[in-house]
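So this first bit is one chain, no partners, the form predicted alone, shown in structure tokens.
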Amino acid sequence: MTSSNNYLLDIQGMTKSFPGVLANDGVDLQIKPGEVHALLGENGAGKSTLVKMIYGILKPDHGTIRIKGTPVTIDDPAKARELGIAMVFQHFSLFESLNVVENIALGIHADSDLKSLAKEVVELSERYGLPLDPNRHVYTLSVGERQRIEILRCLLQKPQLLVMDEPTSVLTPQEVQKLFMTLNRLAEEGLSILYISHKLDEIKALCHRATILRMGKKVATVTVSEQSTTSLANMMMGEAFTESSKTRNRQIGEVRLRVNDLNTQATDATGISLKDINIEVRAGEIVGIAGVAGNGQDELLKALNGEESNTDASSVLIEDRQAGKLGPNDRRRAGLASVPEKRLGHGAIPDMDLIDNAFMTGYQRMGLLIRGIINYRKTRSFAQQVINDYGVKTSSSTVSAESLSGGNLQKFIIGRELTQQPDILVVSQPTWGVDAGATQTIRQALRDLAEQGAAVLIISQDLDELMDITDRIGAICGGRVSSFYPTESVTIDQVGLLMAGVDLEAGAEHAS
């Protein structure tokens, strides 16, 4: 038996329960010095709970944590940092109006003056290939550059363990490659990294070992090089994992959604104006729009689904009907459904139950009103159908939307819209934060919808997803949408260039 002294981090029997849920049930986790260790599991498997206990955000009910063989108690994140544990969260905590060095100083409570700290930032950024100008304001930086701030802020604290939660979800392929080079360099120098991701190809490319959780329990710790992505997925799910069909032999019909020279003006300083947007999506076709977060994706979705009406009625055509000035309900009546990126507060009302949330967008197409009165029995049946068909893990359709995990709420919202069989579907980040099994379920459901003749437009930061599922692909950068290309004719690196605002010269297939 290996001594705990040989591990940087040795966790034994970690248990944490919440009302009605045993989130972690006697979980063990060991991480070696200089190891990149993956933490895998489906939505609700207990990954977030375990990481929050490691970082001091939650206190365990039972279990022990040892650092280099010494038992420790981690009461809060400050204690975690004192013990050499740092964490880069999926959602950054930066002040846009401050510059790089000011944000770093706030995060580490540095005693040194800003000039000295700026010098340290430059030296560290050059050493690890994370170039940053310490005097630039955050609002001028790309998402990848903002992530560098978070990483450098952690490294300045000289940690022994770096925890990273879905670090590549907002990066271009080129930025992912640079990040992996940095993480490999850090690991070679002895830093341990706990890496959380749903992207199994990334785990294969980067990680040494992986610990898999299922339903709150540890099921295995494996050497990644000895596993395939399929075997990892099987362990996560506890059943045989089958890839969804990737065939693209659908019958492509007439244009169902057409966007003509769409222009919008940003309403605030942090918004993005849309400029000369032209898109066509045909019956039976899935079109993808890639892009780094914050380049106009939210504004485009709202312009298409009617949350933001346009001054020109002909800027959006639904089945050749001018819809630019129509509101969301009228566009739904015309056949367009949509799924926003933000789940709680946009895709679903947090404190309303799943039945009422199903009614909110489904009452027209599912016939849930009788002479202006809600047909509760039919509405409840609709909500339950979504839960059953999309494997939403919940005790009841009467629980609030905010009680679901992020992945399960995403499955519910996607299922709610797909069950209505819309003629046009515009969906943003369809599998964001969703585990491998649910990802395949959702992707196949989108293919099936297109197979039935719907026009599907997917806005996503997940390039693997877009390359897997779409017929044509383009990108949005700075509020402008690129030309569109047959997906089979472009590489991920070429799409990465489109995401950076570089249009490809040869073979462009314009959407207009």
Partner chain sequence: MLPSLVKRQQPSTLMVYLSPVIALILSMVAGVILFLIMKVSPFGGLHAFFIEPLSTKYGIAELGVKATPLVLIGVALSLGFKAGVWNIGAEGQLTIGGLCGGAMALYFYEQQGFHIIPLILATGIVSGMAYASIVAFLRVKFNANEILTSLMLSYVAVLFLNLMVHGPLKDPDGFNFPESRMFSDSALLPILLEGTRLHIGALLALTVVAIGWIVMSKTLLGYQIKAAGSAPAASEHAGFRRSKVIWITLLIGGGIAGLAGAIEVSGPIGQLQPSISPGYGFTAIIVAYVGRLHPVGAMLAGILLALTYLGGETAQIQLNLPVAVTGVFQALLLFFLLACDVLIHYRIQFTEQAVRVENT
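None of these values were measured; they are calculated from a predicted model. Positions refer to the first chain, counted from 1.
A second form of this protein, the form predicted together with its partner chain, is not displayed here; the remarks below concern that form.
- The three marked residues, M360, I374 and S400, each reach its partner chain in the predicted bound form, with a heavy atom inside 4.5 Å.
- Considering its partner chain in the predicted bound form, the lone stretch of 471 to 479, 53 to 61, 444 to 452, 25 to 33 in range is 53 to 61 [heavy atom distance within 4.5 Å].
- Residue N305 is the only one of S192, N305, N234, N103 with a heavy atom lying within 4.5 Å of its partner chain in the predicted bound form.
- Proximity to its partner chain in the predicted bound form, defined as a heavy atom within 4.5 Å, singles out one entry of D423, E280, D356, E202, which is D356.
- By the criterion of a heavy atom within 4.5 Å, K68 is excluded from the residues contacting its partner chain in the predicted bound form.
- P340 belongs to the set of residues with a heavy atom inside 4.5 Å of its partner chain in the predicted bound form.
- The closest non-hydrogen atom of R332 lies within 4.5 Å of its partner chain in the predicted bound form.
- Although the partner is absent here, V121 lies well away from its partner chain in the predicted bound form, with no heavy atom inside 4.5 Å.
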